[in-house]
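Single chain ahead, by itself, as structure tokens, in the form predicted alone.
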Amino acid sequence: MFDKLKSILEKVDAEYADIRHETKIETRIAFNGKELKEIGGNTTDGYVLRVLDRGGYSSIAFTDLDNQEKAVRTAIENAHLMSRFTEQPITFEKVDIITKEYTPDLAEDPRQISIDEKLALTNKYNDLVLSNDKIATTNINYLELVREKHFANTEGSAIREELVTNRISGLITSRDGNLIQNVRVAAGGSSGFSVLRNREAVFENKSRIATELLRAQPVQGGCYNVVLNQSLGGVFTHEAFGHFSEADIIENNRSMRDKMKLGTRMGCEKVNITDDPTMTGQLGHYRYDDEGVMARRTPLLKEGVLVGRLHSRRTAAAFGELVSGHTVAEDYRYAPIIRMGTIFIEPGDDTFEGLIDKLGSGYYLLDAKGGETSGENFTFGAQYGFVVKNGKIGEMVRDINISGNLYSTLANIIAISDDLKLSETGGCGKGQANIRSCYGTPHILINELIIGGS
């Protein structure tokens, strides 16, 4: 494959070019209730060529090698057109030349597991949930995605890497008369098929929560002190903070760029936030990004002060900052964009019990359920929660939304526990989909968070 890629690059008369070939192998199984709605897989492949010349940059995707000369010609022409309408000539930050292959260690490669076994396991967990007579229906799915990537550039890099992801996830719906409640369930990761075995407790627990929500009372809206669990804290970290750490998000937004200036205090001294794709065994792990840069652990917030951000080669040159290896594409149809890998709040020195005791009275909120951001403001749903009185966890509540401002919320984090947990399944829809986007936190105690409810 490298010979093919290099032969294409030899046709490119430009300052710089790179090309990525991917084979994408996808397997899906889907249950709607007891009915099997889908089973099968497909394999597709293609190329993405990027060209930088005369201060202009362009990319083009193609799937047929017979179109390579047209693709090269079009990419060069588009780069030249872009150079005519670009106020600031585009440059790429210099990086090391890499000639490596990387295959992650997998505890059971899912490609070696039969489709019959995958179906049986998915059906087993689906039946387990449906055995609860309060569960009205389910949407439980198996997804396996393999990206086999080859990358080469005119600087001399040649990299091969495999990314393997599998998960069983979906929605559990409970019903009592006209009252309907939904709970999300998920197990998976990028460490191999074995992460999906013996996960009955996950599906049983989510089934139990779905039925208990039928008896829960709607939360009372207001401003409260709260403890967030690792899932909800992770979504806050990813959505409210993480995207503003992606250089391309703030690049042309003068207001946000001023607020996200390195050295700015954004939170209390207890808060440390890091993005680290190099953590093996985690959902967001990769060794090299999709423009051939080695991924690196990137501190973003240290003791409440902004110390770093995520970059492509282009934005690193534009900002005058270090390349971080965080430029990732969905698949062979797309040029890469800046993405988070594994973003998390670093563990603190407290315990979960200590946080609940410090909370005194308020709410303990668990698990993310959608949300959105608008500038520095955010609104997220929580799947469920509990009333906390005098340091004791009490009755369950439902219909929960939390909202606030990024900066004031970071400043109001007053305690962090030592129980960091990262997501097994993830997702981010910034421009393209990224099912390997990983996030998490320890339990965190936040003062004065707005909760919407009845």
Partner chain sequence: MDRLIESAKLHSDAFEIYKLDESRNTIEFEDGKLKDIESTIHAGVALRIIKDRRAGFAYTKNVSNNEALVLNAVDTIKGGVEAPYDFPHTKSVPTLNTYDAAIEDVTNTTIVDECRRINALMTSKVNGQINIDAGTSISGIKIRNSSGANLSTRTSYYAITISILYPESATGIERSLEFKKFEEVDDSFLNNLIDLYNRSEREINTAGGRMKILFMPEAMYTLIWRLQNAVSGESLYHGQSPLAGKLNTDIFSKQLSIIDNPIDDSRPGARAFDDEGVPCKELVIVDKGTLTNYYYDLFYAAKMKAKPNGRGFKTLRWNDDRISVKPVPTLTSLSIEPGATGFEQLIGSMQRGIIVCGALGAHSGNIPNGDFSIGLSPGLYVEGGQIVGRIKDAMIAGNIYSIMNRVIDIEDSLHPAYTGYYPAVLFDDINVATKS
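Positions refer to the first chain, counted from 1. The structure displayed is predicted, hence computed values, not measured ones. Under this definition, the rigid core comprises the largest set of C-alpha atoms superposing within 1.5 Å between the forms.
Although not depicted, the form predicted together with the partner chain is the subject of the following passage.
Interface stretch in the predicted complex with the partner chain - options 302 to 310, 316 to 324, 174 to 182, 339 to 347, non-hydrogen atom within 4.5 Å: Heavy atoms within 4.5 Å of the partner chain in the predicted complex occur in 174 to 182.
Interface residue in the predicted complex among Phe193, Phe352, Phe92, Phe378, criterion: non-hydrogen atom within 4.5 angstroms of the partner chain: When the partner chain is considered in the predicted complex, the option within 4.5 Å is Phe378.
Distance check, Glu372 to the partner chain in the predicted complex, heavy atom within 4.5 Å: Because a heavy atom of Glu372 falls inside 4.5 Å of the partner chain in the predicted complex, the answer is yes.
Partner contact for Thr425 in the predicted complex: the partner chain, 4.5 angstroms, heavy atom: Output for Thr425 is no: heavy atoms all beyond 4.5 Å of the partner chain.
In the predicted complex, Ser157 touching the partner chain (heavy atom, 4.5 Å): Because no heavy atom of Ser157 falls inside 4.5 Å of the partner chain in the predicted complex, the answer is no.
Partner contact for Thr103 in the predicted complex: the partner chain, 4.5 angstroms, heavy atom: Contact check for Thr103: no, nothing within 4.5 Å of the partner chain in the predicted complex.
Rigid-core frame, C-alpha of Asn78, shift of 2 angstroms or more between this form and the one not shown: Passes the 2 Å threshold, so yes.
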